[in-house]
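A lone chain, given as structure tokens: the form predicted on its own.
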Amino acid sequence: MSVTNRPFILFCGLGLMIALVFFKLGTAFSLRMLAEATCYAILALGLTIQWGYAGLFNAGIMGFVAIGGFMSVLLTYPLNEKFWQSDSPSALGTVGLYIFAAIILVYGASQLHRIGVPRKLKNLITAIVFGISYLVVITALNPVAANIEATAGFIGGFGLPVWVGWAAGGAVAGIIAYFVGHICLGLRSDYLAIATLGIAEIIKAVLKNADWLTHGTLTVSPLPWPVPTPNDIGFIAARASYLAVTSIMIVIIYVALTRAYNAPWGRMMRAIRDNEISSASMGKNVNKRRLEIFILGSVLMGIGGATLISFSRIFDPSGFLPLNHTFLVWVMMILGGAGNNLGAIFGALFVYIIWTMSEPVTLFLFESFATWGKDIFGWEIPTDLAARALQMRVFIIGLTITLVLRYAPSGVLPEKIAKHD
């Protein structure tokens, strides 16, 4: 397979897979699968620029997905009249002032070195101020949170348009990425992986336990869509409309990232990735550029998480899993080809189809073999074939990535390296 024809052939094969799914399982199911796959494609594009452009190992994709989904819920879910008609908003506003004051105090303490305070003493003072501020804020927040849960359940949303929530999800994910990257990008790459993994678990724990803010494990639904919902125009038309929106988003993101990749900025990022010391010797601010790419990738992850959670129409903090929202995205990016935007899109669509279809296909094979075994050998058919088939999807994804790493270690659509005479 020539390098020139490879994308065409691979996408033709992918089209045949999709057509087979449509034929076997129907239009409604297939459109749902494709809509979810396009949401994952946005996540894969965010990861491929972090790892493929700059070599940044983000092990906390789940956290950015979760924060993107939560911001979409917070801004787009309808107003909770019980909350706004109580005295909780004013009490929560007072807590917000405490938080603002705490941020100012902690920031001021962190800048004491500018007036001659030794750095070790400054760090100690900052830690003490942070600890005291945290205790004050929590002490003020606990009774307010308990009152909100008792009277209103949770604060609800602000009823804003869906695209506002998606944009806010990306923005907040970028803000979190700024603080994580600002601290960790000056260290070795494994520290970034550890930090992002820890941040993801912290975000999940906060969203899961802050019932007054997120409704916790009681979930929030139904979430609004940017297009008419299935209740309005039926499953097929609604899912097709949602798929059209996410597809347009992918096209816009792909064009923008491709232009950036081929621009001087993209060449500079790849130079930093390939030889950090040489880039620094040429006057490039390595950490600043890495921070830029880390924030940009996280913004895309926040937007992708917002679109994914909106499509599901339910926000469940306990549903965010490293397997589904971190490992699977890495498989998509590796299979497609790190640093290749088209490869990230192909990898996301292909892997999600494999992930989705592995359960029904495996269940069909299990049932067929069980029936043949019973008819021929008198075997007793297990009663948990469905559960076993569900577990097999992890094995199939693991087998897929193993084969890719063995026979196409750079991905099926590897990054194109320009050759100069």
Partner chain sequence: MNEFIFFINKVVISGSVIGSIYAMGAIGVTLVFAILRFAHFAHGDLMTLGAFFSYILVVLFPEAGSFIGLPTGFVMLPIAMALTAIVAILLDRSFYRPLRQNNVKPVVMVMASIGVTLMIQGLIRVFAGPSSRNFFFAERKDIFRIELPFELASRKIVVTEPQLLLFVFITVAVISLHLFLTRSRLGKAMRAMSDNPDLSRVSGINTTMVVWTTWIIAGSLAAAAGTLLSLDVTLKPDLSFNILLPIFAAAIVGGVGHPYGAIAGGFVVGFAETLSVFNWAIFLRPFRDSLPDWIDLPNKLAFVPTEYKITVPFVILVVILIWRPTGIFKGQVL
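C-alpha atoms forming the largest set that superposes within 1.5 Å between two forms make up the rigid core. Positions refer to the first chain, counted from 1. What you see is a predicted model, and the numbers here were worked out from it, not measured in a lab.
Only in words, not in the display: the form predicted in complex with the partner chain, which the text now covers.
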(Q) Looking at heavy atoms inside 4.5 Å, which stretch does the partner chain contact in the predicted complex, given the options 301 to 309, 242 to 250, 108 to 116, 205 to 213? (A) 205 to 213
(Q) Going by heavy atom distances of 4.5 angstroms or less, which of 319, 153, 322, 226 would be at the interface with the partner chain in the predicted complex? (A) 322
Q) Heavy atom within 4.5 Å of the partner chain in the predicted complex: which of 222, 198, 234, 89? A) 198
**Q.** Contact label in the predicted complex: residue 364 to the partner chain, heavy atom within 4.5 Å
**A.** no
**Q.** 4.5 angstroms heavy atom contact with the partner chain in the predicted complex for residue 405
**A.** yes
Q) Any of the heavy atoms of residue 194 lying within 4.5 Å of the partner chain in the predicted complex? A) yes
Q.
With the partner left out here, check for me: in the predicted complex, does some heavy atom of residue 330 sit within 4.5 Å of the partner chain?
A. yes
Q) in the predicted complex, which residues of 371 to 390 put a heavy atom within 4.5 Å of the partner chain? A) 384, 387, 388
Q) C-alpha of residue 398: shift of 2 angstroms or more between this form and the one not shown, rigid core aligned? A) yes
Q: Using a rigid core alignment, state whether the CA of residue 95 is displaced by 2 Å or more between this form and the one not shown.
A: no
Q) Once everything's superposed on the core, is residue 122 shifted 2 Å or more at the Cα between this form and the one not shown? A) yes
Q: Would you mind telling me if residue 401 and residue 59 are closer or farther apart in the predicted complex than in the shown form, C-alpha to C-alpha, with a 3 Å or larger change?
A: closer
Q) How does the CA gap of residue 316 and residue 384 change in the predicted complex versus this form, closer or farther, if it moves 3 angstroms or more? A) closer
